[in-house]
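In the form predicted on its own, a lone chain appears below as structure tokens.
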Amino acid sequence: MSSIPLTDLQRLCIHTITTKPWNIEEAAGYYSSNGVKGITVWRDALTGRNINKTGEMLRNHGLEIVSLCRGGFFPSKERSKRDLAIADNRKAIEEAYELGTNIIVLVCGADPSLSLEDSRKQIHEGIASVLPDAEAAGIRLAIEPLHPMYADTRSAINTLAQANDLAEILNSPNAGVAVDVYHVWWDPNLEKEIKRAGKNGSIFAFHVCDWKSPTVDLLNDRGLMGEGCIPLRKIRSLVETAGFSGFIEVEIFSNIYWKHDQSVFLQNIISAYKKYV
């Protein structure tokens, strides 16, 4: 399946963070006028806006709201901070419902003053605490493993195996995983774990970008598809063979590209999507 080029944009979704200089209204207009069919909304893009009306605006542009980013960041040595995280994730569930999407991507968090085992325990406890709220609202929680370089503060869930383990323990159709190529491309067990997630019906999201070599910033130097070393077409094949047929989401954090003309950048995204994904 991966040998088939993506010649149309029916499955292309772009994250608002990818074109960060645009506000959400600008992003909606430019995405729609260029044939993009999906949008994933980062919560900062909703600041000061009526969320329900923003969802209507996006749909009026012909965009499917694929997911909301992001929930998570559960672990902390301090109980008060863990409670605040639970409250914020419940708020995210409300926001997703108002916006009109049924997926929240979870960046699970970590606390460097805790062991990784304790951070993972608190992640499990945190998701379990908000899962009934998500189920009641019809929202699915996509646990996204992050590259191990982020294990200190951003996520103690660092492999797809760990994300699959957690989703299976939670044992809910509303708990699954997000496969982001930037975070998992290096994993020798990737094919096995994608198959496992597919068998469970738990691949909720698929994110693409590229790993530039050398990379100059461990957070904000992601590449356009095709300008790095990630085997994009191979990983796309794996998730599709495992049963995933949803949107392919372009998520690029880049101090370089955020300085570019975003209209030109959007055209480059579309070209790279068709050529390399």
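What you see is a predicted model, and the numbers here were worked out from it, not measured in a lab. For every residue, the number given is its place in the sequence shown, counted from 1.
Quick note: we don't show the form predicted in complex with another copy of the chain, though the next part is all about it.
A.B. asks: State yes only if every one of 8, 34 and 40 has a non-hydrogen atom within 4.5 Å of another copy of the chain in the predicted complex; otherwise state no.
C.D. replies: Not a single residue of the candidate spot has a heavy atom within 4.5 Å of another copy of the chain in the predicted complex.
A.B. asks: Looking at 147, 90, 196, 82, which has any heavy atom no more than 4.5 Å from another copy of the chain in the predicted complex?
C.D. replies: If I apply the 4.5 Å criterion carefully, the residue I get is 147.
A.B. asks: Within 4.5 Å of another copy of the chain in the predicted complex, heavy atoms considered, which of 132, 173, 112, 138?
C.D. replies: Comparing distances to another copy of the chain in the predicted complex, the residue within 4.5 Å is 112.
A.B. asks: Taking heavy atoms and a 4.5 Å cut-off, does residue 212 contact another copy of the chain in the predicted complex?
C.D. replies: Residue 212 belongs to the contact set for another copy of the chain.
A.B. asks: Consider residue 97 of the chain shown here, and say whether it contacts another copy of the chain in the predicted complex, taking contact as heavy atoms within 4.5 Å.
C.D. replies: Answer no; every heavy atom of residue 97 is more than 4.5 Å from another copy of the chain in the predicted complex.
A.B. asks: Is the gap between residue 217 and another copy of the chain in the predicted complex 4.5 Å or less for some heavy atom pair?
C.D. replies: The answer is yes: residue 217 has a heavy atom within 4.5 Å of another copy of the chain.
A.B. asks: Quick one: is residue 168 in contact with another copy of the chain in the predicted complex, heavy atoms, 4.5 Å cut-off?
C.D. replies: No, residue 168 sits far enough from another copy of the chain in the predicted complex that none of its heavy atoms falls within 4.5 Å.
A.B. asks: Within 4.5 Å of another copy of the chain in the predicted complex, counting heavy atoms only, one of 122 to 130, 69 to 77, 82 to 90, 152 to 160 shows up; tell me which.
C.D. replies: Heavy-atom contact with the partner occurs in 152 to 160.
A.B. asks: Even though the chain is shown alone, can you say which residues of 84 to 118 have a heavy atom within 4.5 Å of another copy of the chain in the predicted complex?
C.D. replies: 112, 116, 117 sit within 4.5 Å of the partner.
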